[in-house]
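Presented below, as structure tokens, is a lone chain in the form predicted on its own.
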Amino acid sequence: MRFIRFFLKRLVHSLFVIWGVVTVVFFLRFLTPGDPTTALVSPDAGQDVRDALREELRLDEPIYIQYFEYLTDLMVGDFGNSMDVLDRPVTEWIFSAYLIRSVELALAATFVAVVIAIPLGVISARRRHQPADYSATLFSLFGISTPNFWLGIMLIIIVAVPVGFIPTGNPGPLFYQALGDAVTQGNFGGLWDWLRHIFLPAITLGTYFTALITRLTRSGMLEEIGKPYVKACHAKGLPETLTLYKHVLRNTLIPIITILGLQLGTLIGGAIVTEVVFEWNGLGQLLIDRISSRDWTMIQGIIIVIGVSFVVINTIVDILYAYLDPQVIDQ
């Protein structure tokens, strides 16, 4: 019962946050200088043409009516039509390959970070003040301090160009399509092509995440190693590897799971630079293109989807955290 109340409380909080995100994004359009119709009509078009377009886009209505209509449309999943392509709904743009590619890139970067960071953090804590620890600390400092755009460009110059078979543009097939061909037809060429395309973008986006998780794992492991239950495990004669990975690492994973969830939402919305460098046709690339066209309907839809994704992921992490550690419910 306590867990259900906690779940409902977090759900209500999330709905209020989503409403706040939608409200802020909507009113940002009116704080931005310029008229959205300017980019849609010819510079020598008459005022009657501009007025007709504003009426078609419902920009001539009072702001509170536009806000109410926008909220009503969002409740039924209608983000409106693109101002640049008036006959195509925003949802068809966002919930197509663009969103899927952004999610794929974020999950791939998370996978790279987890696979590298957790073992590296364990080794660093186990060999404290030894060369392995210093190397892991230096790697973490490098990962946190390196800008994504610089790292992406360097990987293209140093890795992609000399090797030759690693693409630097055109994101290639979607993962689920390549996996479907591999399962149904036994054709693994699509999966190999997907790996070649996502390899460098995932490393570029996941480097900072890797460094962060490495530091968090190391500090958590060092904190747990000094606790009495670890000494009790050693006194019972349990192998050190079993003690570290079954008991110490397990207790360290709770804050790591929290950071994983928070950073996953950040990766989905914060991959703009990486997507532009590698011409990865995700939400970030689409957002940059629509900003240059002053397509406010599309911009609003993309930002809202990113914000809602972040809120949903955070809510899931909070609920998972409460499930793993029931003491959180009482806090």
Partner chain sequence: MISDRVKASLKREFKTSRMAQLGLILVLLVIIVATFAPFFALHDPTEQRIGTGDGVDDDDAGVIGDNGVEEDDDDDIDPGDIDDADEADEAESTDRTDVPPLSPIPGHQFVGETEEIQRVDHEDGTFDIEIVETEVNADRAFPLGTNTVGQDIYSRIVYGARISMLVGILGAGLAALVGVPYGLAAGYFGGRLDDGLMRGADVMLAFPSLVLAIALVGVFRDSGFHTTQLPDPFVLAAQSDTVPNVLIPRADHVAAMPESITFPVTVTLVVALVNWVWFARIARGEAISIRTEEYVKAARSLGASHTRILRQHVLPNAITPIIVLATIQVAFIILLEAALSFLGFSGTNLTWGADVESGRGDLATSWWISTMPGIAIVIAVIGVNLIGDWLRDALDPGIEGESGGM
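Note that the structure is predicted; figures quoted are calculated from it, not measured. Positions refer to the first chain, counted from 1.
Just so you know, the form predicted together with its partner chain exists too; it's not on screen, but the next bit is about it.
Colleague: Determine whether any heavy atom of Thr266 comes within 4.5 Å of a heavy atom of its partner chain in the predicted complex, and answer yes or no.
Modeller: Flag for Thr266 set to yes.
Colleague: Closest heavy atom of Phe16 to its partner chain in the predicted complex, within 4.5 Å or not?
Modeller: Output for Phe16 is yes: heavy atoms within 4.5 Å of its partner chain.
Colleague: If we define contact as a non-hydrogen atom of the residue within 4.5 angstroms of the partner, is Arg294 a contact of its partner chain in the predicted complex?
Modeller: Although its partner chain is absent here, Arg294 would touch it in the predicted complex, with heavy atoms inside 4.5 Å.
Colleague: Using a 4.5 angstroms cut-off on non-hydrogen atoms, would Val311 count as touching its partner chain in the predicted complex?
Modeller: Yes - in the predicted complex, heavy atoms of Val311 and its partner chain come within 4.5 Å of each other.
Colleague: Just give me the single entry in Phe95, Phe149, Phe175, Tyr245 that has a non-hydrogen atom within 4.5 angstroms of its partner chain in the predicted complex.
Modeller: Selected residue: Phe149.
Colleague: Its partner chain isn't shown here, but in the predicted complex which of Ile100, Leu238, Ile259, Val159 has a heavy atom within 4.5 Å of it?
Modeller: When its partner chain is considered in the predicted complex, the option within 4.5 Å is Ile259.
Colleague: With its partner chain left out here, work out from 134 to 142, 176 to 184, 197 to 205, 225 to 233 which stretch has heavy atoms within 4.5 Å of it in the predicted complex.
Modeller: So the stretch in question is 134 to 142.
Colleague: Residues Met75, Ala108 and Asn170 are flagged as a possible site; in the predicted complex, is every one of them within 4.5 Å of its partner chain by some non-hydrogen atom?
Modeller: Result no, not one residue of the spot touches its partner chain.
Colleague: Check each residue of 204 to 218 against its partner chain in the predicted complex and list those with a heavy atom within 4.5 Å, in sequence order.
Modeller: Heavy-atom contacts within 4.5 Å come from Tyr208, Arg215, Leu216.
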